[in-house]
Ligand SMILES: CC(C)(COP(=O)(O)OP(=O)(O)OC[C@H]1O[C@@H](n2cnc3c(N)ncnc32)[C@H](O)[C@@H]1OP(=O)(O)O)[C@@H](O)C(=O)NCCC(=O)NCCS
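Quick setup: one chain, the form predicted on its own, written in structure tokens, and binding and motion questions come after.
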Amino acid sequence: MITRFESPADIAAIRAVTIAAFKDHPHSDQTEHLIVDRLRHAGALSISLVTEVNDDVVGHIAFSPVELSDGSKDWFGLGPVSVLPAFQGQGIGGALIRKGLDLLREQAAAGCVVVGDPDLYQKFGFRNDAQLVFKDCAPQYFLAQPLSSTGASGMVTYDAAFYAGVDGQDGAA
């Protein structure tokens, strides 16, 4: 198993992995692959890692910048993280999360946020933080992990490319 930065040759595989990973997910609107495409197109993929097994891409994770209403800098959003269904439960997603967070720390990032299953993300140090709010998200599903001693608070906004219809892009590669 090898985890590395994505290359241009990985784009189709990343798309396929992301589609497959979210196909039957009960809280997915099946657009996660489009989010990754739009972030890449906008130059907003701060970290994009893949995991290979036998030279095949089986996992992917994306980190993109977020803005905080208090003006705090160097915060990032994790997601989506995708693993092919046949490889789920083998630690690939966790390895991607840990590697991505390590890279953010190396870049002196202030913190990272994620929308997702608290039982999963708390294993990696994410916690609910009443000081940080993500509009239209139940607070228990919005978690943060400070990566520095600098505090932050306020409304969190993901990069515009995270949302459908930005700049007329549909995410097609």
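Predicted, not measured: the structure shown is a model, and the values here were computed from it. When you see a residue number, it is the position in the sequence shown, counting from 1.
One more form of this protein, predicted together with this ligand, exists but is not displayed; see below.
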Notebook entry, point to check: Counting only non-hydrogen atoms, which stretch in 62-70, 104-112, 118-126, 143-151 is within 4.5 Å of this ligand in the predicted bound form?
Noted result: 118-126
Next item on the list: With this ligand left out of view, choose which of Ala161, Val156, Ala21, Ile14 has a non-hydrogen atom within 4.5 angstroms of it in the predicted bound form.
Entry: Ala21
Check: in the predicted bound form, does Gly93 have a heavy atom within 4.5 Å of this ligand?
Finding: yes
Margin query: Could you pull out the residues of 70-86 that have any heavy atom within 4.5 Å of this ligand in the predicted bound form?
Written below: Val81, Ser82, Val83
